[in-house]
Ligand SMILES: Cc1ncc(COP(=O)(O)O)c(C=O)c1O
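Okay, so here's just one chain, in structure tokens, the form predicted alone.
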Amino acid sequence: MTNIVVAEGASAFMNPRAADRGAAYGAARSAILNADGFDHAEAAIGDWPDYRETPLLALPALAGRLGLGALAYKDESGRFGLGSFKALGGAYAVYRLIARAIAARHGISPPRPAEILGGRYRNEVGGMTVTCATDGNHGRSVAWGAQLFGCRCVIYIHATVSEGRRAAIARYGADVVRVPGNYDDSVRHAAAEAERNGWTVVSDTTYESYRDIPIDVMHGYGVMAREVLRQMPEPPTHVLVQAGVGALAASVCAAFWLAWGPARPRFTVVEPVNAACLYQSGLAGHPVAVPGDLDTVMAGLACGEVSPVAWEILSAGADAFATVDDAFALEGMRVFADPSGGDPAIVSGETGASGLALLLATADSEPIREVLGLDGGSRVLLIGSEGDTDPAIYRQVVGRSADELRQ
């Protein structure tokens, strides 16, 4: 029986199926996410207008407060002006979809981004429509990618997506449609509408007979991990990565696994208590759907069904699974915004603060720290997946706007 360790506001367990530090499961991982796929994504996204690496921030004062040796934060709040890492995935998948369609129609190699951006294929691209369901950030990326490369976009959001996140998607020219139910209901609705209208779904989750585009999304996310490899040539001892359907977590896990091999860090997947589909899947040993409204302030993680292709990687790639209460995510936002001891101030949304939330919840819980392998010598990497993607909510939680904080 899996040994679950519980603290106030958090729980965790070691993954009994975790791969050893050697070559086990490497072939299965590389059949999904591999060096060629990450190379292609890095080359394409590097050619986009305004591409630049996002910063990796050192937080020594906060590390000391948490009883860690070092703490680093990959800050995705400035990514292409979209406010989250998602800009790398959905938009890259839109580009790949368009490039493949052009190549098939003309019998040529897929064109580079600059050729499409230059308008050479404007008329045929304008006749394409992409769609997806979203909690906010992924839909914003797909909408931005569609606007950038010139195709039509329809985005479906579920009942509890905030008005601020809806407006942020619509800003990029997408038709945004709110549908009843939770995130997983909106995924099914988007798939049905795409089939009925002849559109193409650009999702970050796989389902039956639908794998290639989500894998493109995950290779796009790997650009962020590649940046970390350059910014942090020595592997951290631990990585805490938040998960919704698991696409980001699987991408980061695979990229670090490929680069660092047996020296790769211990990898912990973090989820909200009320939307812990990977956690429950880890306990069961197979994908498990979490029912209900998936109510959590960590809006980007409000997913009840694991992406099967992400599970194929994380089922062996994750060393531990953990959950954390919403209250600690909100506290994490405030801690980032009001640091002490010389650390930089950080603008982080609820989802971006989930890794810190787990550290705050478990700082005084030696049993959970033991499960996660954390001690005074640990060098921990957090993925700051988003900034103030809903400015109104951010101000309400932190007490200041992101612009006020940056001043």
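Throughout, we count residues from 1 along the sequence that is shown. Worth saying up front: this structure is predicted, and the values here are computed from it rather than measured.
Just so it is clear, the following notes concern the form predicted together with this ligand, a form of the same protein that is not shown.
Between 114 to 122, 315 to 323, 208 to 216, 129 to 137, the stretch whose residues reach within 4.5 angstroms of this ligand in the predicted bound form through a non-hydrogen atom is 129 to 137. Here the marked residues V245, L248 and L301 all reach this ligand in the predicted bound form, each with a heavy atom within 4.5 angstroms. In the predicted bound form, at least one heavy atom of T351 sits within 4.5 Å of this ligand. In the predicted bound form, the residues of 55 to 89 lying within 4.5 Å of this ligand by at least one heavy atom are, in order, S84, F85, K86.
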